[in-house]
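To begin, one chain is listed below as C-alpha cells, in the form predicted on its own.
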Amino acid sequence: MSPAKATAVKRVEATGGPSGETEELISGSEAIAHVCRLADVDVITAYPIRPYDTVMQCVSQMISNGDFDCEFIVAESEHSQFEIVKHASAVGARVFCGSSGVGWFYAFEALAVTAGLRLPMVAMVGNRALDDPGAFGVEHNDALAVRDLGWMLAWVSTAQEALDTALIAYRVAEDPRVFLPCAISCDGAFLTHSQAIVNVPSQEMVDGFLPPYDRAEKQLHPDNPITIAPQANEDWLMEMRRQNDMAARRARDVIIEAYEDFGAKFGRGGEPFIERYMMEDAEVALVGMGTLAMPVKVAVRKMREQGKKVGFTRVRWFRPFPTQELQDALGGTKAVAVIDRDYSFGSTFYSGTLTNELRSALYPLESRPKIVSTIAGLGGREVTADNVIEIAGMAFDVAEGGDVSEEDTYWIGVRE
C-alpha cells in the first residue's frame, strides 16, 4: 500500500492496547515513520534507496498532509544525509535517518564519527544484501558492519515491534548516561513492505514516556563554545575510547529501565534483549534474529506436536549483546542451532556473525550446549518451516552424538 493509502486507513480504537491507542494497517517502515511524528523529530534527512525509502515516502506524505512538522532535507547522497543529521544532533535537534545495503556503507565515515562523538542518532536499516551482485532481498551484513563502532543495534520481527523499539531507542540513546546512536534493523521486504495491524499510541502517551532531547553542557551553541570532532593524538584517544566503552556498558541498564517503563505505560514490550518461545523444557534450541521468527515458530509448534522438545530464542538486541540472557535461556539445552542471515567469510568454522558471538557468550558455561552453525535466507530467499525442521533435526543429531559436526557451517536451501 502506498503511503497516501496508508494514511487513509480508518483509525479505530485499539482493543488490545491501552486507552488512547488506535489500530492501523501499516508496514514496518510506516510504523517507523509514525514514531518520527510521535517523537516530534526535528530534522529528518533522506536519500532514496530500497527497501528503506518507504520511510521517507510516508514521512513526506505526513508533512504534505499537515500531520507532521519537521525539517525534511533530501540530500544528494547517503553520506551527506548522515552528515547533516549528525551535526543537527550536536546542536540539540532530535534526528532520524536511515539507509539500506551499500547505501549504509556509503555513509560509513559518518556512521563511525556519529558514535565517536556520542551523538544519539536513531536510524533505521532496511536490511538488504550487499552488492555485488545487486540484490534487494534481506541480509543482515549491512547493519552488522557497525557492531564494533559504538552503535547500539536492535532487530525487530513485526511492525508493532518496530514502532515500540524505535520509541525505546530514542529514550535510551538520548539518555545522558548513554548518548550513543542506535540502529533499528528491519528485514527488507518481509518487514519494510509487509503490512499488519499495529497499535499506534496517542501523542499524550508518547509524551509521557519520551522526555525532550537535552544535551545540557554538551550542546554546541555560540554561548557554549565546546569542541566537536577534535583531532586527538595518542595522548587522549585511548581515554576517549574507554569513555565510549563505559557508555556502551551503561546502555544495558538504561535499556532495562526503558522497557520496564514502556511496559507499565503501554502494557507490552516483553523481555528487553531476547524473546523466548517454548523454551521452558527445551532440549534443543533454535536461535535467530528478525523476521525469521515467523517460520521458526511455525516449525517449533509442528515439532512440539510430534513430542520433540524444541524451542526458539530470538535475539532482539545485538548491541549490547545479551550475554547473560542467552546463557540463562540456552544453558540447560543439549544443542543449539543458529540460523544466520549473514556471513563472515574466513571466520571461525566459517560461521555467520551471530554464531560466532553466541559461541563466545556460551563459552564460560560449565555445561555448554553443542552448537550447530547454519546460514539461510540470504538475498531475501525465504526460510521455510521445512528448512527450520531440517535445521532442528541437525541439532537433535549433534545432541545425540550423531554425524553433524560443530566445526562445519551448513548452508541451508542452496541449489547444487
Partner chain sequence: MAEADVQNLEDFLATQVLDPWKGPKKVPAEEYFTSGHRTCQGCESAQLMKLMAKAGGPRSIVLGATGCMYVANTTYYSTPWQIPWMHTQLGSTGSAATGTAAGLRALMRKGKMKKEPINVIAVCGDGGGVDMGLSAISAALQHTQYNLLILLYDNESYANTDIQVSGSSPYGANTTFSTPGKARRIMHRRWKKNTAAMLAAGHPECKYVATVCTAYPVEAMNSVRKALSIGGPTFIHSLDPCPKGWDYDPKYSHELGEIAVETGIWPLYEVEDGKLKMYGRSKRIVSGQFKRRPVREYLERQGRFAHFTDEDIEFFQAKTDEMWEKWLLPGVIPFAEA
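Residue numbers count along the first chain shown, from 1. Remember, predicted model here, so these are calculated numbers, not experimental data.
What follows is about the form predicted in complex with the partner chain, which we do not show.
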Practice task
Answer yes if any heavy atom of Val91 is within 4.5 Å of a heavy atom of the partner chain in the model of the complex; otherwise answer no.
Solution key: yes
Problem - 4.5 Å heavy atom contact, Asp40 and the partner chain in the model of the complex - result: yes
Practice task
Would you please decide whether Gly346 lies within 4.5 angstroms of the partner chain in the model of the complex, comparing each non-hydrogen atom pair?
Solution key: no
Problem - 4.5 Å heavy atom contact, Glu109 to the partner chain in the model of the complex - result: yes
Exercise for the section: Could you spot which one of Glu325, Glu83, Asp175, Asp342 gets a heavy atom to within 4.5 Å of the partner chain in the model of the complex? Expected result: Glu83
Practice task
With the partner chain left out of view, choose which of Ala248, Val102, Val74, Ile256 has a non-hydrogen atom within 4.5 angstroms of it in the model of the complex.
Solution key: Val74
Practice task
Please determine, with the chain shown alone, which of 236-244, 165-173, 143-151, 263-271 has non-hydrogen atoms within 4.5 Å of the partner chain in the model of the complex.
Solution key: 236-244
Practice task
Give, in sequence order, every residue of 112-127 that has a heavy atom within 4.5 Å of the partner chain in the model of the complex, or say none if there are no such residues.
Solution key: Val113, Leu117, Leu119
